[in-house]
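The chain below stands alone, shown as structure tokens; this is the form predicted alone.
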Amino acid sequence: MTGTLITVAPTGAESAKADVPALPVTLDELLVTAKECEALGAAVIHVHIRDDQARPTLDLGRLRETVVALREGTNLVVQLSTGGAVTDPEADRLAVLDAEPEMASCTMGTVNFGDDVFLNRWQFIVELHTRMQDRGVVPEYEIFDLGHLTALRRLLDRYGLPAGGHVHVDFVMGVPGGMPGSTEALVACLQALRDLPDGTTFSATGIGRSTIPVMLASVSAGGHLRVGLEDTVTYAKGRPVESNMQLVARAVGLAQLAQRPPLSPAQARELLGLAAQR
């Protein structure tokens, strides 16, 4: 790749607004964040939403309103999370697709998630994958552990390529209970990636203190980047993140240093197979 796909994940479902004041939890806050991050070099926005009390929600009306606002206010690729919070039921997670995003996440297996369990049954994964195929929603396959890549190969072999025909995975590294956020873990994933269709691309997300090591490892290996307050609330030791823009700016600087400048949203759509879906 001659460019770097930068995804911003501005909110997530784990942090509380009271603990992280910079967290965008209203639609207005999210839209301002999206516009600023796009201006810096982000091409994709990975979206979780909150209710009026700033609690995580998968309310379909709010999701639809969010998708429309982001499409009208930015050129970013809008990628909705089908993970939600770890307590969300499968029916609500599947219904996220009714909000008609361009992209959505598809987590490839169950993983311990801190003190909780992020449950992704095989039958649920198949249903999510095939619904995305039917609706022309392009998935980003979320990989929390090495075995999830084996599950993805099984999924593609049995049920076919995703909408758009291109396979893109995101390695989520450093979650307590998942794979570590290390160069060695990324190398192991890349070896397993060879079993996936030719042209498969990857991004990597480092959670918490693994943010910088994972960014460096991903860019050096030809991969792409996801950053945001969903994944880390600390910019450096003892220094809280001031805004999502601060994290995007650091990722953009790294991409430019590697002589792989950020992809525009239009270039991102070409890479991810979204242009073929339009």
Ligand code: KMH
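Numbering starts at 1 and follows the sequence shown. These numbers come from a predicted model, not from an experiment.
Another form exists, predicted in complex with the ligand; not displayed. Remarks below refer to it.
Of the heavy atoms in G84, some are within 4.5 Å of the ligand in the model of the complex. Shown alone here, V25 lies farther than 4.5 Å from the ligand in the model of the complex, counting heavy atoms only.
At a distance threshold of 4.5 angstroms between non-hydrogen atoms, H46 is in contact with the ligand in the model of the complex. Proximity of T110 to the ligand in the model of the complex falls outside the 4.5 Å heavy atom cutoff. Stretch-level contact check against the ligand in the model of the complex with heavy atoms at 4.5 Å: of 156-164, 182-190, 137-145, 196-204, the positive one is 137-145.
In the model of the complex, no residue of the candidate spot (D98, F124 and Q133) has a heavy atom lying within 4.5 Å of the ligand. Along 6-27, a non-hydrogen atom within 4.5 Å of the ligand in the model of the complex is carried by A13, E14, in order along the sequence.
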